[in-house]
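Consider the single chain below, provided in structure tokens and representing the form predicted on its own.
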């Protein structure tokens, strides 16, 4: 159980991540990736859009809320705004459909697609309650793509994405699929993430902090700005 910890000044954080990402893309133009949304990766996506070609890549969207199409809090809408619309030629995109007639079948379809293509690189944010994607506290390391009930903190945070709607459920790639990736990056910024980052990297590895299971992965980089790292010393 190990990880590479990169602590950077906030001014350099997004550009440093984007620089290494651009190197990965140069080495592997057909990279298959899983991308998170939310506020944390936004500056990284803006940086990568300025100096890398993603046209030959494939992206699996990490998760999706049970909201109507086009809602500003939808993960596909956020990824479009933050990254895809900024690219001259966007990557091929796979995403979960919360409007599917059979949600369990939709999760099975997605899980099978991930197993078929594999995930070269997973880029993740860290929830304030320790979630990865919508793998909320209580999620096991062997969880797969599924419909999930949202934690109260997650539901309360939807309004920060500009929506007036709410939902109590979503769909997410499971921890087992994240752990099966070739490489995972955890992006963490801001002092408000310092405590949960400490629990993730130093506390017990258990379902109460799903992100702690990343310590079971053999190839993880944790990208942290100085504010988020304040409780690691």
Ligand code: GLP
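Bear in mind the structure is a predicted one, so any value in this text is a computation, not a measurement. Numbering follows the first chain given and starts at 1.
The discussion below concerns the form predicted in complex with the named molecule, not included here.
Q: Assess the spot marked by 66, 77 and 97: is the named molecule within 4.5 Å of a heavy atom from every one of these residues in the predicted bound form?
A: Negative, none of the three is within 4.5 Å.
Q: What is the one choice in 54, 196, 59, 36 with a heavy atom within 4.5 Å of the named molecule in the predicted bound form?
A: Contact residue from the list: 36.
Q: Choose one stretch from 101 to 109, 84 to 92, 120 to 128, 141 to 149: the one whose residues place a heavy atom within 4.5 angstroms of the named molecule in the predicted bound form.
A: It is the stretch 120 to 128.
Q: With a 4.5 Å heavy atom cut-off, would you call residue 40 a contact of the named molecule in the predicted bound form?
A: Contact with the named molecule, yes.
Q: What are the residues of 128 to 142, in order along the chain, with a heavy atom within 4.5 Å of the named molecule in the predicted bound form?
A: If the 4.5 Å heavy-atom criterion is applied to the named molecule in the predicted bound form, 128 to 142 yields 131, 133, 134.
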